[in-house]
Structures are given as structure tokens and as C-alpha cells.
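Just one chain follows, in the form predicted on its own, and it is written as C-alpha cells.
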């Protein structure tokens, strides 16, 4: 008897299959945006440009946000350093502007200082000037390159997950378990300086991260976005995605720079990454709790 052979039908392409029609259509929609993302270049940082624009930065952070920063002397005076901050305020984060102003005033614009940001922030219309302030795309390669050059690097481990958290969670440090910054500091044997801020999540009413919507639209696959935030903000009213930014409310921003943590001095020659992560998050949370306790009213401070 001849053996019957069966031919399996090909499974239909899943909605999030990059080889299927929906995947190709989504990539076509993403192409005009991703093509705008600049290749990181540390040489784009322009000390003269920063010096010329410090007065404008002072007006923004001092008059609009009534910025207050404490503890800049805790940043080591030379050599590479990893600043680790909690992240607030949507795509237009006032914390970074305040820290950039304070760093430039304390150490001078010639000391190299880079801030890691999401690719889409750098590709947003009108924000190309950020690269001249030292903002580069957030990636391990760019962070490593900057640290090898002897620079100070600011990283926000919580990324888009933390920066779009609901406003009623403004008193919470939420890195979503991301420990890459600890491995980075250990690999390059650089100190970690925690930086804790409050007020950014009061510059709009952040309602939801919109993580289910982001997953349904495959934003993680296309843009490395796990959220599609929903907020109420000027001038849009209902603001979905915050891709065009918003006019921030004049909330008071307070930032505290904590003492440097030298990992191998404090945790031994072979530190446990999880233990270091838990310690840093707890230290930052304790500081944020203290800043929350100081605050009398939202926005007013």
C-alpha cells in the first residue's frame, strides 16, 4: 500500500509577525520616523553653543520651574562618572534641563557631559539642538563610548516606562527591574552618582502609560516603545503619545544629587548585580520620600 503523504498548510501570518502583511505595513508607517533618528556622534556636543544658551536655560529652569538643585559637589571632580536618575515629565523632561544648567555652572561647559535619551526624542521636530547639548541616543554602545572618553554620563534606567507613569505615582522610583546601568558601571569601574528629582510628574496630568495600546500597535517592535501614554496637557487637552510634546505646567522642580557609590569598595571585588540594584533603588526611594515630605502642594511645591 502506498504511504499517503500529507502536506501541511502554511500557518497564517500572525498580526505581529514581521514577515506578514500587517508587519510590513507597520514598518512602512514607521520608516519616515525612524529615518529621522540621527546616528550618535559624541563630537556633536558643542561647548560654545552650551555657553551661549545657558542664560536661556537659566530663565526656563529658574523662573518657570523655580528649580532647586542640591549636592552638585557629590559628583567626582574628574574622570568618568555614571549619573543615575529617576525620570519624570513626559518627553520634555525639565529635570534634565535643570541638571545640565547646574552641571555646566559647577564644572564648566568644557567638561564633557552626555545625556542618554530615547531615539524618538532626538528625532522629534525642533529638538535637534539637544545633540549640541550632549544628548545622544540611549544605547549600551553610546554609554560605553562616552565613559571610555572620560565623560560624565546621565542615564535614566526607567526610560519611557517611568517618565510616563501616572501623576499619582510621582513619589515612586520605578526602574522596572532594568539593571543594565549596574553592569555598565562595573564593566568600566566607574562610580554611580544617584540623582533624585521631584516635580516633573506635575507638569501635566499623566493618566496612563497605555502599555496595552502600545503592544497592540507593535510600538515595542517598531520603535522600542513599551508605552503609548495618555495625559491631559496644554495645548492639546487630551494628549496621546506626547510625540509633539506639550507646554509644561510651572511645577517647582527640586533635584538632589547623592554621594558617589564606588561599587567595588562598597560591595566587594565581585558585586552581585541584583544586590547593587536593590541598594541604589532603595537609597533613591528614601531620598524621594524625603522630598515628597517637604512638598506642601502639587505644582506650587
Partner chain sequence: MRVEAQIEVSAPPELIWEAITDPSRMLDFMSGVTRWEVAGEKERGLGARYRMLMRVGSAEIGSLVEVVECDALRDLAWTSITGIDQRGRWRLRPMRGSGRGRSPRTRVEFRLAYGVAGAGFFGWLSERIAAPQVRGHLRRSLHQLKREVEHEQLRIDAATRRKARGRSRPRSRAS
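Positions refer to the first chain, counted from 1. Predicted model only: the values in this text are computed from it and were never measured.
The same protein also has a form predicted in complex with its partner chain, omitted here; what follows describes it.
- Proximity to its partner chain in the model of the complex, taken as a non-hydrogen atom within 4.5 angstroms, holds for one residue of 63, 240, 234, 244, which is 63.
- Checking 120, 217, 102, 205 for any heavy atom within 4.5 Å of its partner chain in the model of the complex turns up a single hit: 102.
- The stretch from 68-76, 219-227, 138-146, 186-194 that comes within 4.5 Å of its partner chain in the model of the complex, counting heavy atoms only, is 68-76.
- Candidate site formed by 51, 56 and 110: every one of these residues places a non-hydrogen atom within 4.5 angstroms of its partner chain in the model of the complex.
- For the chain shown alone, residue 82 is not a contact residue for its partner chain in the model of the complex, no non-hydrogen atom being within 4.5 angstroms.
- Using a 4.5 angstroms threshold between heavy atoms, residue 106 counts as touching its partner chain in the model of the complex.
- In the model of the complex, residue 98 approaches its partner chain with a heavy atom inside 4.5 Å.
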